[in-house]
Structures are given as structure tokens and as C-alpha cells.
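Take a look at this single chain in C-alpha cells; it is the form predicted on its own.
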Amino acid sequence: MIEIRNLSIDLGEFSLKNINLTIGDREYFVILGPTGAGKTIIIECIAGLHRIKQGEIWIDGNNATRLAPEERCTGYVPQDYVLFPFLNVADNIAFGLRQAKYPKTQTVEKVKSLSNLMGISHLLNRDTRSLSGGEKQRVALARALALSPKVLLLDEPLSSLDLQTSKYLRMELRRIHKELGVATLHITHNQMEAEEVADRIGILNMGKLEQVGKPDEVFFHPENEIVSDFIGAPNILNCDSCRTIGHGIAEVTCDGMCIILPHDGGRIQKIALFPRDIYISDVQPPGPQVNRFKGTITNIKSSGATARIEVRVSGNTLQTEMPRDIFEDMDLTVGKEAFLILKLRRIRTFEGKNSQ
């Protein structure tokens, strides 16, 4: 496991402020935050790339604060992968093993097993400069895992990949983690990425750890406005009742609003929907009356290219969002009626600890 105790560091433009964090054995932990929050500094401190004057880093029960990087039993994949262009794929994976003077037969076997795990056996003789982004990421992961580290550190591992490759490799990261069980710290600015891979998430902002919890805990119970704003200030509604009305479909009642949503689990306690996923109109739109509501506009905020409109529906106040140019073409003013459509497939659910 990894334990960070009272870590503070000031590197001028970037800093950390009294970070305390424990990452458990076999846990997949993600630090999520905007660019400039200090995410990479945390990974670099654990890897031993910064001199720490205030605070401590413990790895697997040992104080690693003053240890050299090679003494820390960590595998580190930097954001740009840093593969050796003068070595082929097999030699990149084997590099650390050869530096540590592993026997040749053991090195060959390790390269074989890791290339099989990563699905890159067919690439072993390839020049790394000819690889795609996804292939480079797999090679970098194999190289980081070659020395059987106790901790795996991933610095924005999917940021340079296209959406389709990134989504696929999120699943692959979880598969590899489940198979190897190594404690993993993964940093990203992508909320969807964090939610799909993490056992727990830490929200970092301006060098301060604002909240730590399971993905649903952070999303449905943000501890402060900074966290809420970062995840998109979702509309969170408490559900008074929940009933199944068909295979994979449920109806919940939230303070007078009856909402239909896809669901196969237990009793839903809360639902959430981002403002951008609520359609608003000044006239009643045609179509079936599913998840459609009429309310009264209570507030309007314009900021840059976006307009946010608050609408009171039954006992709930919902925030909607639209491009400012579209808003200006509509007759939406405070006190007027507005019509809302909740996008069914965008509704998120929280069952809570006591769901049946």
C-alpha cells in the first residue's frame, strides 16, 4: 500500500498542501483534478523524483521518503511513455530486468508473459517509433511491470489517445489490475475515465485534496462547492419511492416528479442529471410525455458562451444549460413557464448502503 503523510511541496507554479492519503493493497486509486492541480507532483514524489522536505512517503509499510527511485519498488508510466527509440518492443520491456542483471532465461520468460498479458506478443520485434498510441501505452505498462513493482504509478495514461482507444484501454487497465493485484495510482483530468477504472477517487484542486471516496460517493455527495463545480454541478434529487414497471425499467418519485429510467438494481435513493442533459424550451415540444415537465424559471445566469437557467418543478429546482446563442433566440425570462425534457439515458442512480 501507499501512505502519504502531511506532504507539502512548493515548486513555484505547482505545489501540494498538507496531503494525507492512504491507498490500500490491491486498490485502484485515481486522483482527479484540473490541469495545474498538482496531480503529477504526487506521482513524482512517490516515485522519488523530488526531494521532500515536509512530509513522508510510505510504501508497503516502509518509509521511502529518502530512498532513491530504484529502491522504491514502483513502476512508473509517465504521460509521454518515454519508450527507448533505439530498442525494439521486446528490449524496451526487458530493459529494467537487464539493468538489474536478471538471468537471461528469466528475462525472456518475463517478457513473454507480460507481452501475452498486454496482448502485444505480435509486436515484440517492432520498432517502437512505428507503434500506435495504444500500442505504446501497452509497451510502457509492460516495461513498468517487468520488475514486479509493489506500486504502479500512471500519469495521465490515456490522455493522448483517441476516444475509442481510450475507452477500450480503460477496460484493459481494470483487467490487468484485477489479474496482477498491484496497488495502482492513476491520475487524470477526465471524470468519465476516473469513474470507470477507480475503486476510489481523490479530487485535487490547487494542491489541496478536497474529497476522497468511492466514485458514487463523490458524485452524489460532493463535500464542497469546489468538488461540485469540478464534476459539473449535477442536479441531485432524493427519491421518495421506487418501483419496477418492466424489465430494466423503473419509476421513481422525487418530490412530486415521476421519472422513468433504466435500472436493474435495488431501490434507488437518489438520481442525478447534469444541467447539459436537461433540454429546455419556451414552447411545449411534441412527442410522448415521458420525463417531460413544466415549471417556472426562477433564475438565469449567463457566463461566456453558456446560459444556465434554474426552473422550479414541483418541489425541485433544476438547473439546465444551453449555448448562449440558442438561449438568446428563445423567450426565456424569470417568472415565465418553461418546458423540460430529462434525457433518460443520461440519468444516473444511487442505491445507497441500505438498498435491497
Partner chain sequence: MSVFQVSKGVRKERVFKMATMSALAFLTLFFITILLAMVAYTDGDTMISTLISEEVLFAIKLSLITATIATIISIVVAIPVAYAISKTEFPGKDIVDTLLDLPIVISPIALGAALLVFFNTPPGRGIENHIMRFVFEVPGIVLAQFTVISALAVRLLKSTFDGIDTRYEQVGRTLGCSKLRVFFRVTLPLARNGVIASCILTWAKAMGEFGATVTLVGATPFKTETLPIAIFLSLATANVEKAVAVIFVLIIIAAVALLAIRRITGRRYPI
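Predicted, not measured: the structure shown is a model, and the values here were computed from it. Residue numbers count along the first chain shown, from 1.
Although it is not shown, the form predicted together with its partner chain is what the next lines describe.
*Asks:* Heavy atoms within 4.5 Å of its partner chain in the predicted bound form: which stretch among 259-267, 174-182, 78-86, 229-237?
*Replies:* Result of the contact check: 78-86.
*Asks:* Just to be sure I understand the contacts: of 122, 243, 104, 129, which is the one whose heavy atoms reach within 4.5 angstroms of its partner chain in the predicted bound form?
*Replies:* Selected residue: 129.
*Asks:* Counting non-hydrogen atoms within 4.5 angstroms of its partner chain in the predicted bound form, say which of 47, 318, 307, 64 makes the cut.
*Replies:* Of 47, 318, 307, 64, the residue with a heavy atom within 4.5 Å of its partner chain in the predicted bound form is 47.
*Asks:* Against its partner chain in the predicted bound form, would residue 168 count as a contact residue? Criterion: heavy atoms within 4.5 Å.
*Replies:* Close contact is absent here: in the predicted bound form, residue 168 is far from its partner chain, nothing within 4.5 Å, heavy atoms only.
*Asks:* Using 4.5 Å between non-hydrogen atoms, is residue 70 touching its partner chain in the predicted bound form?
*Replies:* Residue 70 belongs to the contact set for its partner chain.
*Asks:* Taking heavy atoms and a 4.5 Å cut-off, does residue 96 contact its partner chain in the predicted bound form?
*Replies:* Flag for residue 96 set to yes.
*Asks:* I'd like to know whether residue 143 contacts its partner chain in the predicted bound form, with contact meaning heavy atoms within 4.5 angstroms.
*Replies:* Residue 143: contacts its partner chain in the predicted bound form.
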